[in-house]
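In the block that follows, a single chain appears as structure tokens, in the form predicted alone.
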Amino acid sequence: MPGNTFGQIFRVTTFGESHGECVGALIDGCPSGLEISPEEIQIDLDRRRPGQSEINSPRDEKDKIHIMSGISEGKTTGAPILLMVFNEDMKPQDYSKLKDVYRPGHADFTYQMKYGIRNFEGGGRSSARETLARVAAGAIAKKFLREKAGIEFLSYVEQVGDLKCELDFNSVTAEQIESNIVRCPDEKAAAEMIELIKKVKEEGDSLGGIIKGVIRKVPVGLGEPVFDKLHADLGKAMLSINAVKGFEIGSGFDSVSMRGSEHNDEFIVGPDGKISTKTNHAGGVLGGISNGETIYFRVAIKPVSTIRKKQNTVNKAGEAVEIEAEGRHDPCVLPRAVPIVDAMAAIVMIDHFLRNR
């Protein structure tokens, strides 16, 4: 099964299944000399792990990180870094009824057709549990970029269902994002989102929404035209995340209703002699290369496929059957997906930063 590695210089390979023994990441190409501790990686894993609150999956995983190689005396050595988390609260028996059934909205059918076999216990590699490996690798990428280039990453829940955050992303802080369990910096919208998620959970259904990604203090010059444009790689990274159905950068789809005279970001020279733009409809990228402005993008996430409502489907024998899912699942994955978006953005940016050097 190819397709498990991301990046060209900073290369991240993930492994493991949802209800297997472990999940982890192998990082190759991380420069030596970066100070990093298990505790620093754990901070991001704790933001992603299940069981954080009443609106998350009740699966009880501590997701304790184990650094198996590539770090000595608290510093990266330049050798491959192996990061592992051992699964503790596996319940593969919860999926025994699904062994021969294709769940609507899941990858059961496509994996079976492609490989002739599938890991039915929680979806195996198609499970969102794989993303903890990305978050662990992303924690290292974020620290490197913060120390070497001052780059900052900030993602938050902008929308759940029809409820929207009304704050300007330029003013949003990490403290605002982490001030509530839904990770929306708008206090009023967050309270409404939480109540909506609870209501939908009681109904046995699920919700989708939008995560806003923000990357601040980006240097000019990152990105490799023509096929490795910075925003193209960001798009691929985000679309590789489970349940993501859309990506836009800058003004995105709203730009189709604008005229060129409105959308063009005029250049200006500040008092310090630095060139910048008056507006930022481009989202910090021109011609696939960062222009020094804040990069911002939106990621659309579909409703969780596993719901407690009866649905029609078919089994491996081609017979029509009815299914009602069991197990432990999020009614809305957006709060836990925030650190995943941060991580994938950081993995893209460190790869381009190292390529640019």
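We number the residues from 1 along the sequence you see. As the structure is a prediction and not an experimental result, all values here were calculated from the model.
If you look for the form predicted in complex with a further copy of the same chain, you will not find it shown, but the lines that follow are about it.
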query: Contact assignment for a further copy of the same chain in the predicted complex, among 103, 212, 142, 183, heavy atom within 4.5 Å; finding: 103
query: Residue contact check: residue 173 to a further copy of the same chain in the predicted complex, 4.5 Å heavy atom; finding: no
query: Proximity of residue 43 to a further copy of the same chain in the predicted complex, heavy atoms at 4.5 Å; finding: no
query: Residue 109 within 4.5 Å of a further copy of the same chain in the predicted complex, heavy atoms; finding: yes
query: Any non-hydrogen atom of residue 291 within 4.5 angstroms of a further copy of the same chain in the predicted complex; finding: yes
query: Non-hydrogen atom within 4.5 angstroms of a further copy of the same chain in the predicted complex for each of 3, 26 and 302; finding: yes
query: Among 144 to 152, 186 to 194, 165 to 173, 246 to 254, the region lying within 4.5 Å of a further copy of the same chain in the predicted complex by heavy atom distance; finding: 246 to 254
query: Neighbours of a further copy of the same chain in the predicted complex among 196 to 217 [non-hydrogen atom within 4.5 angstroms]; finding: 196, 200, 205, 206, 207, 208, 209, 210
